[in-house]
Every structure is written in structure tokens, then in C-alpha cells.
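Shown here is one chain on its own, the form predicted on its own, set out as C-alpha cells.
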């Protein structure tokens, strides 16, 4: 066992690969925000866009079709080599390459990127408006990555890995931890912060909680639902849940298999009592009637198929008339965790009790589950999404056919057209109405099933300073410090 780091975090499932363009899990995002930095950042207190590697930026036209960013002077990777506008250009072009296999490739697929070393500027041209691109640049898929990683074999991590964030990679132990240490070349010098951080790989929330209560870790992002009442009573300063811009939902695989049939999808959807799911799972997560959480002022209320046993049985009857041979083997796939297992068991029980449909459960480690989901190697699967930026589009853009985050086989040109009209629209209220129409279509087509709105369940040790809770789970690792050193 290695000596303890200055700060230990119960991070969650292991990351697939240390590549911010490829890994899109929340656990991976926490690590990437320590190792790398975007041209912009989000202030954890306000979630407003603030300078990162870029000292300034602006739209060349009001629609956001052209953006120009000016990098800070003398930026360097953690190995001391210059971080240049060419790194930005090459990184964004790599993101768009099909060979990269990036879920967010669609963000840059049709963009043209130009770098001017003399002016330290990067200019990007989009065929359609991108009014929120400065906010998108704070997400790890658009972080500049070093040449060593850009040129590495798929799925591999160069050693050493040059980093641009406040920390650099020191060691990775598969299924154990990722240790990072201060980056001496970061433009953001850490004054009171931690010399090193361990991001522990932990599938079990009970293990994470026990480590926190024992003082072994100072931060864990999730807790077991059974522990919530006691944490409210006994650890009120450390445990302060708040709504998140995030949703738990189900995806149906519509490209092949039994759920190509909409009636079978509707039967399962109408048989889910989301209020009962919320009550049984606890944790303060409310039932969700829409995919997009209610965080955007002016976004119309959206709804889809809800709990209705009459409609569930009618849909199942229509399916059975077309398939007199009976139901095939049905399976629900989910990534291993205490909460995900509890959710799967509640759904399985409801489907059996409400409409007599038996659905087998299958779980996989996260690093196996997500490639399987991307490859459509499932029938119906667990999903969750944390908004990359505070706008409905960050949820809805995932379901265009070209998106690597689609993972359903859904491809509707009318849905894509609505999103395109919203992108071209210069009127904010009309834009939100068009996005709401797209979400309504997504729900009515029974592509997904919203289940629960998420609630942040972070446990933060009293001795950890600089931590700010927010709706997007943004953490500024450079701002964290042990409170004893600040006194």
C-alpha cells in the first residue's frame, strides 16, 4: 500500500482510459478537471464562464458561428514544453476524427479550426450557430491534449503524460487509485492546496462511506440511500444535498431486437410508477417526468408516457397479437453500484407485478458497461446524464443520429431538424420552444424513460476548505486546501 496522499477522494468506478476526449463518465470528469484545463473554466460558485488557458475570447458574429480565443502567454505542459495554439487546433481536429471514437465528435465534426502562433489565437468556424461554445470549452472533451496522447495507440496512456491542469499524473493503479501531484508548470499556482491527491476506485458506496466516517477520505460524491437519514441528523455540515442538473433514465436499444417494437417499449414505460421508485430508493431524488431538469428559465413543461396500467396492458396486448409466439428473453443492463442495483431491482419488481413481464438483470463494471452501451449490446439499460453546461441542448443533442452519446439507434430527421432550427434561431423564447418540441418527440417516441432527477449527495469533510457545492458537480481542485493551513 503506497503512503497516503495529502487528499484522498472516493471517486467511484474506474475510468476506461485517461483520455479526456474518449472517457465521458462523471468519475473520469473529476480526474480530468485536475489533470487538464480548457480554454475556459466554470466558476464553481456561479457556474459562470471564466478564463482558463485562454485569457480572452469573443464571438466574431452575434450568432456564434465564429469564435476567437487568445491563449495566455508562456503556457506549458507539465513536462515544461510549450502549450501552443497548435495543440488546441490539433486536439479539436482529433476529437472530430472517426478513428478517435469520441462521444463528442459531433461538436467539432463540421468545424474549421485556424491557429495563429504569432497572435496566440485560435479561431473556429461552425456551419451553424454555436452561441454557447465558450461554455462548452470548459468541458473536458474540448480540453487541449498533448501530442504524446494525440499520437498514442488507441486506449493507451503515454508515460509520462504531459498535463495542463493544476495537477499532473504520478501513478495509476488499475482498480485501486489514480494519484496526481502538483504541476509546477500550471499557470495557476496552488498556494494553500494539496501536494497530492488520490482518486480511489470504489464501486461500493458503502465502502466509500465507511472510509469517510473513518477519516480516510475527505470527499465522496455519493452515499448509500439507506444512510441518508442518519447523515442528515449527525453530519449536517458535511452532508448538504441539493438538486443537480442531472437525470436518471432508461435507454431502449431500437436498432435490433425486441424493443424495435414501440408497443413493447410503451408497455414497460407505462408500467413504471416513478413516484414509487422515488419513495423506495430514498435519497431525496424526486420523480422525473422529463429528461431536461427544470433549471432553465422559460423552458416549457414537457411530458411523455407516464404510469398508467391500463395503457401498459393495452400496449402489451397489441405487441402480443403481432407476436403470438410470446415474449422473448428480456434483459436490463446496468453498471455496478449499490444504487444502480437497487434501481434495477425496483424496476424488475414493478414490471413483473404490474404487467407480468419478466426482465432479467445483468450488471457490468463501468469500464465494460459503457463500451457495451455505445456498441448497442443491450436491450434496455440504465443511464444517467449530468448536463455539460446549463442548457437543455446538452441533453437533447445526444439523440441525433451522429452523436456518440446517442446509444439507442434512434435516428429521426424531424428531431434533428428541430434542433437545427433551434440552433439557427436568434429569438431565445422561440429557441427554447423548439427544444421543448424536440424533447416531447423524444419522449413520445418512447426512446428513453426519465426516472429520477438527481440530487447531489456529496460528503465533504469539515477540514476540507475551498469546496463549493453546485448544480453541475464542478470542482476546482486548485482551490481546495486543508483548513488547518489557512488558520
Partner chain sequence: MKFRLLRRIFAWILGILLVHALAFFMMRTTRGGPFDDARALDPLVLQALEQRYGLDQPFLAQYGHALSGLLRGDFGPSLRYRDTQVSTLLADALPISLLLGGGALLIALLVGIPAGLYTARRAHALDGKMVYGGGTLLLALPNFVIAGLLLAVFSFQLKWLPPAGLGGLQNFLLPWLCLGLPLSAQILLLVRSKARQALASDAFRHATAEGLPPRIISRRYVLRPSLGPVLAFLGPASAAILTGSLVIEKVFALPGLGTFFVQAALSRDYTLALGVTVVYTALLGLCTLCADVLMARVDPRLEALS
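Model, not experiment: these values are computed from the prediction. Numbering follows the first chain given and starts at 1.
The discussion below concerns the form predicted in complex with the partner chain, not included here.
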Quiz prompt | The unique member of 382, 182, 177, 135 whose heavy atoms fall within 4.5 Å of the partner chain in the model of the complex | solution = 177
Exercise. Please pick, from 401, 287, 355, 213, the one residue with any non-hydrogen atom lying within 4.5 angstroms of the partner chain in the model of the complex.
Key: 213
Quiz item: Should the three residues 105, 203 and 207 be counted as contacting the partner chain in the model of the complex, with contact defined as a heavy atom within 4.5 Å for each?
Solution: yes
Quiz item: Taking 4.5 angstroms as the cut-off for heavy atoms, does residue 148 touch the partner chain in the model of the complex?
Solution: no
Exercise. Please check if residue 405 has a heavy atom lying within 4.5 Å of any heavy atom of the partner chain in the model of the complex.
Key: yes
Practice problem: Give a yes/no on whether residue 294 approaches the partner chain to within 4.5 Å in the model of the complex, heavy atoms considered. | Solution: no
Quiz item: in the model of the complex, does residue 89 have a heavy atom within 4.5 Å of the partner chain?
Solution: no
Practice problem: Name the stretch: of 93 to 101, 79 to 87, 301 to 309, 272 to 280, exactly one has residues whose heavy atoms fall within 4.5 Å of the partner chain in the model of the complex. | Solution: 93 to 101
Exercise. Sequence order please: the residues of 371 to 408 with a heavy atom within 4.5 Å of the partner chain in the model of the complex.
Key: 371, 372, 374, 377, 385, 386, 388, 404, 405, 407
